[in-house]
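Here we start with a single chain on its own, the form predicted on its own, put down as structure tokens.
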């Protein structure tokens, strides 16, 4: 019932209703570029889109417009380009990007490295912050033998430089050595640290810097920038841990961490370790976020060994979509993110709600359908 009519019911003097209904609020349309990619990517993305389509009628004034675009090692085999220009433009023109998985072990560049168009997307769209939430939904999922363990942390990984900076460098056939450059810039570090501090402020107020400042000058520089930015956030507690110790503590006492911020390669490694603590890569969502663009994808790879079998866990992809909805910032998309999160919390409270990676027998489609129904 329109608001003006509700008022008419409670006032002593009847108010004449207008002869014409007030126009409805405009629908906010969000353009979502969908890149299914390789291996299990299309399977988990199909279930993620299913969940978003089930969610949309429950959101007021919001409409999702999906457009699918080719990308990945398979696309390279088809067209000779793993990231076609049209796909890159579509990603730049969209409100957000939903990505499955990229790469095939046997499809490589002449340098011997795998094709990784997801890294090209990060660099082309300047997605400097790799955000990796790590949460334990059911104690049965963790291999750690600790009772009452509660894991809920976020890893912020610098996405555009670090040890990945020289990833496109080649080398000659008969060279005697190859060197990779670990690049740390003030600009990239400052914006990463500020984003991580803001996130920690919204959570439990603790930010942990992970580096190797005792050995590497680049990491000592990284730490010096962190120390200076920390002065801008006096309400956030900080700690500094070397990366080898961080790997140890993540296994021994993961519940002690809130938000972790680190270099590109360190973040790549530690986020996989942390995912293993909460059940594996099928439970690890991620977002690659910049000032104007963002790509959301499960942290796992294309898993060609199980592709096409219908047994991949789609929860990481679905949780990535929830991150996307929250990032879009609309009141209703943020509510939608909460609805997905709550649905997964309810379902995973039962340890038997699991695909094979979690010790269960659900198929990819069965799990996706269950989440959609739980909404």
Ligand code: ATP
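Positions refer to the first chain, counted from 1. Computed from a prediction, not measured in an experiment: that's the story for all the values here.
The protein also exists as the form predicted together with this ligand; that form is not presented, and the subsequent description refers to it.
Partner proximity in the predicted complex, defined as non-hydrogen atoms within 4.5 angstroms of this ligand, places exactly one of 281 to 289, 219 to 227, 75 to 83, 183 to 191 at the interface: 281 to 289. Exactly one listed residue, out of 239, 126, 272, 120, brings a non-hydrogen atom to within 4.5 Å of this ligand in the predicted complex: 272.
Of the candidates 90, 243, 303, 200, 303 is the one whose heavy atoms come within 4.5 Å of this ligand in the predicted complex; the others do not. Proximity of residue 45 to this ligand in the predicted complex falls outside the 4.5 Å heavy atom cutoff. In the predicted complex, residue 313 approaches this ligand with a heavy atom inside 4.5 Å. Using a 4.5 Å cutoff between non-hydrogen atoms, residue 159 does not count as a contact of this ligand in the predicted complex. The shortest heavy atom separation between residue 299 and this ligand in the predicted complex is within 4.5 Å. Of all the residues from 333 to 372, the single one having a non-hydrogen atom no more than 4.5 Å from this ligand in the predicted complex is 357.
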